[in-house]
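The chain that follows stands alone, in the form predicted on its own, written as structure tokens.
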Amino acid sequence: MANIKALIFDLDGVIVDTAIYHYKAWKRLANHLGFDFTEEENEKLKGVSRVRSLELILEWGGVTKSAEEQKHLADLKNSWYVDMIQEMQPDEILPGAKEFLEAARAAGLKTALGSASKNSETILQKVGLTHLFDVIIDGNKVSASKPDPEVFLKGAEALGIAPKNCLVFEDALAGVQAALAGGMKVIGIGTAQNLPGANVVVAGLHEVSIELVQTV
């Protein structure tokens, strides 16, 4: 029987789905540079930092840029993305996410966000979920990308809960690997085929209960 005291959630693909906005912004950047960017390629960027995502896209497009030019391009993409998420609404919360967060807090479990996104606070404010997290650890507070466990370990530390008593919710393989590397249990959101190593895999938070949490 698990002794889970805290839940740590990835944001994109778990709480909300901002993949479409990332895709549109990256595609616009690729087109701006003279090549195209596909949805299949976008899938490969799940859980990957903005800097590394840009490096991959430039490789796929056969484009070489200096470090200074890459920073400008990453900032440009982010400015387009930020403009898009300003229009996000509460109806963009994924099924069951708000209800499960409320149930977890009612059950006395601590909650944290552990996301690579540097815009997570803006997104949570737009969809009205900020109050359901005790701690927000995002790309502004960590230096290492998943599968490095830094973001989850910092979340556990900020909550004052030992990693072994934390359960992570992740939709990306790199995130599952990060949780396991941090000594935490993990529920994968997606398919078992894409998330090897996850203790349990479900389609979404609408399939998760407090009872399930304590049996992982």
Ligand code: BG6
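Note that residue numbering begins at 1 and tracks the sequence as displayed. What you see is a predicted model, and the numbers here were worked out from it, not measured in a lab.
Here the subject shifts to the form predicted in complex with ligand BG6, a form of this protein not shown in this document.
Only one segment in the set 70-78, 86-94, 100-108, 124-132 has residues whose heavy atoms sit within 4.5 Å of ligand BG6 in the predicted complex; it is 70-78. With the partner removed from view, the residue among Pro163, Gly47, Pro149, Gly190 that has a non-hydrogen atom within 4.5 Å of ligand BG6 in the predicted complex turns out to be Gly47. Residue contact with ligand BG6 in the predicted complex: Ala116 places a heavy atom within 4.5 Å of it. Using a 4.5 angstroms threshold between heavy atoms, Ser53 counts as touching ligand BG6 in the predicted complex.
Of the residues in 168-185, none comes within 4.5 Å of ligand BG6 in the predicted complex through any heavy atom.
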